[in-house]
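Below, in structure tokens: the form predicted on its own, a single chain.
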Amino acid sequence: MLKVGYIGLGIMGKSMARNILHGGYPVMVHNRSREIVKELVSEGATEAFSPAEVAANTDVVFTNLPDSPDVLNVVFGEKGISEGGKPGLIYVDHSTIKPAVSRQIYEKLAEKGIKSLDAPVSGGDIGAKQGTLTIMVGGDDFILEKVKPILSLCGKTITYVGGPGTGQIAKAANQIMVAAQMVAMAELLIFSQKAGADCKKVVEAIKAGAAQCWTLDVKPQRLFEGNREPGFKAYLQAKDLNIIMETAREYGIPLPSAAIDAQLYNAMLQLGNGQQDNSAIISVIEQLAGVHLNESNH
């Protein structure tokens, strides 16, 4: 049985590592904040104190980190995966980073005989807990086949997109749609309320028709209850949109709607709401409209 390492135990990573552990694999874990490490150790995981230690003692290392610089540091920095990993190690990155960075990692690790996959995920904290994530994979297909049994403990849809970096391209495409849905939901809720309708009834009326989407199925009820706690933090949504806009500039791709969504999420960060859920983008629309969603929904 493959020995698994997991680095980055945030909202997503801790649940994914737990699912792999409960799936019967030996799991070694590392995280900057040690509290969750201790929690997983109490459930049967092994503790590590550096990415190099994880890489030296496992067959497959997974990372789930905030952004490109974090991934580069964990892979190539002092006591990084590259330092501890031996030829034959498989590295799987679940982070959402720039496609160009994933390609760079693939090429540099290949020189050391380490194979890598970019495998970003979608489905939020609920999908991570339930093991129902969507996983988009770039890299070598035969390497994906080797780790698929482990990935299947975390996701119900695993799609091989193509060569290195293409998993990240798929994730960026996913985030274009997610941001559009979150902003559209915020607009339709404030529109309904300010124009004089019951928002809950409006959502009920439209989510069975052409407007139906995951966002409308899952998020309005939480907002109606005043719950803006993160399933997926807004600052990460903003980061993903900035990755999208940087990549679009590299390739000369016009993305007018995504550009506006990026501005709205960056405005949300300036309001100090970056730690809230990405659905709390409604806070920006509320400010602009001069109303608060919960005023007529309690």
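Computed from a prediction, not measured in an experiment: that's the story for all the values here. One rule holds for the numbers: they count along the sequence shown, beginning at 1.
Not on display, but discussed next: the form predicted together with a further copy of the same chain.
Interface residue among 153, 143, 223, 169 relative to a further copy of the same chain in the predicted complex, by the heavy atom within 4.5 Å criterion: 169. Only one of 218, 110, 126, 180 lies close to a further copy of the same chain in the predicted complex, with a heavy atom inside 4.5 Å, and it is 180. The three marked residues, 1, 36 and 87, fail to reach a further copy of the same chain in the predicted complex, with no heavy atom of any inside 4.5 Å. Contact annotation: a further copy of the same chain lies within 4.5 Å of heavy atoms from the stretch 209-217 in the predicted complex, the single such stretch among 90-98, 223-231, 67-75, 209-217. By the criterion of a heavy atom within 4.5 Å, residue 161 is counted among the residues contacting a further copy of the same chain in the predicted complex. Within 4.5 Å of any heavy atom of a further copy of the same chain in the predicted complex lies no heavy atom of residue 60.
Of the heavy atoms in residue 103, some are within 4.5 Å of a further copy of the same chain in the predicted complex. Although the partner is absent here, residue 114 sits far enough away that none of its heavy atoms falls within 4.5 Å of a further copy of the same chain in the predicted complex. Of all the residues from 234-254, those having a non-hydrogen atom no more than 4.5 Å from a further copy of the same chain in the predicted complex are 244, 247, 248, 251, 252, 253, 254.
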